[in-house]
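Read the single chain below, which is given as structure tokens and is the form predicted alone.
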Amino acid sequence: MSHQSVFKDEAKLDINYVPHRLPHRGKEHRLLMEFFNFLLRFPERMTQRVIITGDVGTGKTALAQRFGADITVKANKQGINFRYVHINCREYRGKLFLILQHALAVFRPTFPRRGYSAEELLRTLVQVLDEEKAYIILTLDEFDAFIEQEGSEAVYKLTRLQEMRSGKPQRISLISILRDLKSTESLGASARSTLQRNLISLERYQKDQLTDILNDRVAMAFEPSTVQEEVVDLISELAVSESGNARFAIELLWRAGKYADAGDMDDVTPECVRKAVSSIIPTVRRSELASLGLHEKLFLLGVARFFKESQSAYASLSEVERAYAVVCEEFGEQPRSHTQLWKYAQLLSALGILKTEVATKAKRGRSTCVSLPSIPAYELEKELSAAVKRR
């Protein structure tokens, strides 16, 4: 009999999935709707240019695509022939010719792929939009690849397109997505000034925001009660250490689910998260473990055994201390003092093996809290047991 998967719909964790609601991006979504509100009232009278910036995993692409889907529904309900066209510039090698070819194919799928220059394609696209009485928002994702490849002249042509069509209906608006504005510094002043008229800057997600995002995805992607609350908390912490990267957090959640299924488990545990993160980020090197003193190894072995047996994400220092005392007894060693163990915990935290913090009331009360974020407990336990026996 096959084991029941922890997933209800793992497609909801796919990198290309855009949820109907974007937690903590509502303000920016409303701002985009405000910038492009003219499309719903007098689309032929004006165009708009917007830049969206933010670090990796801040939701730039998802925000633009959610907005694109929403404004398309509104425009089409009002009988406006409108298309949202989202293009990743890096996929098209940053070349204007290939980008315009893709945009034109939205309206003319059989248009010849050879025999036209980028300028001819641009003129043809505008002509087709005139014929169809259509309007588009052309979103150029990873816009820095376009700037690197094409430079100021191509950006200038796109941003000043309408000025070359004086008196005619305006058809093409632009959204440019990039990590920061530094890549625009190579552009000429005139191209840069028209491009940067409206800027939406996305801040890195904080831990509580990542928790909200993950909880939304858990509800969509997993069977009820299969993902422990501590799992979401642990993944949020790991994602904060990766610059608040929500994309990293969602991938980690998916991988942890896969490890749960591979182990025929009924739920996703912190150990599944550790296995998942160790498959993305290289774990601690053997040389780092070998450089530890005997009691540092014994202390860490106690930590590994605690997490291996408890399936918890967090432990108080006193719980770890008890596990360490059992390990000392096994190897015939006298346990070190509480103060010394606290110093071991700080050292191992500095090495990136453990994580220590003052626990909140939601976890274990006001005491030092220890977690093992990125190394599977069973792997660490096996490695340390062998190392201590070899001493």
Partner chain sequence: MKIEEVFSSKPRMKILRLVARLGALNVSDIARRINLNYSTTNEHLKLLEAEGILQQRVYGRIRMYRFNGRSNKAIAVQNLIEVWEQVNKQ
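Since we're looking at a predicted model, the values are computed, not measured. Residue numbers count along the first chain shown, from 1.
There is also a form predicted in complex with the partner chain; it is not shown, and the following applies to it.
S.K.: Quick check on T110: any heavy atom within 4.5 Å of the partner chain in the predicted bound form?
M.R.: Taking the distances in the predicted bound form, the answer for T110 is yes, it comes within 4.5 Å of the partner chain.
S.K.: So in the predicted bound form, does T124 come within 4.5 Å of the partner chain, heavy atom to heavy atom?
M.R.: Yes, T124 is a contact residue.
S.K.: Does the partner chain come within 4.5 Å of any heavy atom of E132 in the predicted bound form?
M.R.: The answer is yes: E132 has a heavy atom within 4.5 Å of the partner chain.
S.K.: Using 4.5 Å between non-hydrogen atoms, is P224 touching the partner chain in the predicted bound form?
M.R.: Judged by the heavy-atom cut-off of 4.5 Å, P224 is well away from the partner chain in the predicted bound form.
S.K.: Out of L202, V128, L187, M265, which one falls within 4.5 Å of the partner chain in the predicted bound form, going by heavy atoms?
M.R.: Filtering the options by heavy-atom distance leaves V128.
S.K.: Heavy atom within 4.5 Å of the partner chain in the predicted bound form: which of Y92, W254, Y156, Y116 fits that? Just give me the one.
M.R.: Flagged contact: Y116.
S.K.: Among 102-110, 231-239, 211-219, 295-303, which stretch has residues whose heavy atoms lie within 4.5 Å of the partner chain in the predicted bound form?
M.R.: Of the stretches listed, the one contacting the partner is 102-110.
S.K.: For the heavy atom contacts within 4.5 Å of the partner chain in the predicted bound form, list the residues of 204-228 involved, in sequence order.
M.R.: If the 4.5 Å heavy-atom criterion is applied to the partner chain in the predicted bound form, 204-228 yields nothing.
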